[in-house]
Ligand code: HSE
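What follows is a single chain, given as structure tokens, in the form predicted on its own.
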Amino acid sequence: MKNKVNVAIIGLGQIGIYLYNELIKKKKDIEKKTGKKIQVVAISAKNKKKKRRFKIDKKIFYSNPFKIFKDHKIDILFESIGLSDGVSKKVVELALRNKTNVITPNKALIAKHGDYLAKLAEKNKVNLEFEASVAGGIPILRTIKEGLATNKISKVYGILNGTTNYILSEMENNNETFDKVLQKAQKLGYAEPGNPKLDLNGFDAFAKIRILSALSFNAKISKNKCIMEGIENIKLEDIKIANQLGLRVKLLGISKIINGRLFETVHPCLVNKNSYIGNVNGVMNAVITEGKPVGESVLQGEGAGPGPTSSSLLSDLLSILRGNIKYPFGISSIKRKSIKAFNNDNYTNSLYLRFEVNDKQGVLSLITNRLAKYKISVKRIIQTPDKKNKKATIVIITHKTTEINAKNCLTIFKKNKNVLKFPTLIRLYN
């Protein structure tokens, strides 16, 4: 790569604008470490006049990102729009076809089109880097691609969304409701102010688990139907009861190979308060890999916010400036295989089940009889009466059972007048 390097940034949201400021500030530091002079020659966003955290050079502003490629020879493009399709995909595609290296924190784009874009990058002998798409500032993708390259990884799991981890931690620490803590997270910039749905419903963590699977198992990005649940239905009551049981609620992403098949899932889990994962709190992320011969490896760091994300984006930039042209997913696209899906119905866990019921005689035995019918055996029962309202909360911890048994069993309670709401189910992490 030549000594003077032209850089463009498309998307000036929280991450894009922070990155722009970092590039201006750290030019000399980057040159010292790589011998290359970078120049930000173009920036693009929807609105030129929008009030931003840092000042922009309006002379290099483009309303139309595609025009940048007509006016400049761009060596490295940062895409931080964040869409899985539309402008994000088109602009990355155009850049790769123009033999421009691309760096993106866009997990939605990579989880959906990563295979196709990786092939395009390989064909044009340029880099497609996406370290910042998973776990903010933690260098997990580079660790899997390079540090653990000769290991056979069998499992990767962890806390992959800083927003949800912050919400669950704050609910427990401050005894506050989900809605109240969400508002706090939005004010602090951990959750999207408009629509934080993709964080809360598990989609964000799920896109990351798909990227981690592809890298860990040298596989194509899976399109398998999987269990994906968020934290919207977790109540303060569940957190308090879990606390009594020595447990804590965490949203976990899990990917592993079971009997040669790929199993991927994202859902809330009850974990032991004394476990490592049970003590990763606030906006922290943690990713754990299990492999041979290395055993267990743990990486932990901040997973939400523009600072940690920009740290990973700059690490990708330095890698490219040092002249490394690498396969985006660690090995050639031709060698990456598709792995058949594990049958989710056979996924086994102990369960936490919370029932809100009319406080009547026979209701508890009705519930336990139904569970027995579906081969779900009871390990522990906690019954809390609300005499004033003639209601009761029944919490049941079960022995291990399959996903299909739990699903079929709970469906029956929809029709029962004495069960006031559909039961809350949280899986215990095995």
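Counting begins at 1, following the sequence as shown. In this text the structure is predicted, and so the values were computed from the model without any measurement.
One more form of this protein should be noted, the form predicted together with the named molecule, which is absent from this view; the next part is about it.
Candidate site Thr163, Tyr190 and Gly303: all three near the named molecule in the predicted complex by heavy atom within 4.5 Å: Yes: Thr163, Tyr190 and Gly303 each sit within 4.5 Å of the named molecule in the predicted complex.
Residue among Asp204, Glu122, Glu170, Glu264 with a heavy atom within 4.5 Å of the named molecule in the predicted complex: The residue from Asp204, Glu122, Glu170, Glu264 that makes the contact is Asp204.
In the predicted complex, does Arg210 come within 4.5 Å of the named molecule, counting heavy atoms only? Contact with the named molecule, no.
Taking the named molecule as it sits in the predicted complex, is Glu131 in contact with it (heavy atom to heavy atom, 4.5 Å or less)? Judged by the heavy-atom cut-off of 4.5 Å, Glu131 is well away from the named molecule in the predicted complex.
When the contact criterion is heavy atoms within 4.5 Å, does Asp316 count as touching the named molecule in the predicted complex? No, Asp316 is distant from the partner.
At the 4.5 Å heavy atom threshold, is Asp199 in contact with the named molecule in the predicted complex? Asp199: yes, in contact with the named molecule in the predicted complex.
Within 4.5 Å of the named molecule in the predicted complex, counting heavy atoms only, one of 349 to 357, 153 to 161, 220 to 228, 80 to 88 shows up; tell me which. Stretch 153 to 161 is the one.
The named molecule in the predicted complex - contacting residues of 88 to 111, heavy atom within 4.5 Å: Result: Lys107 alone.
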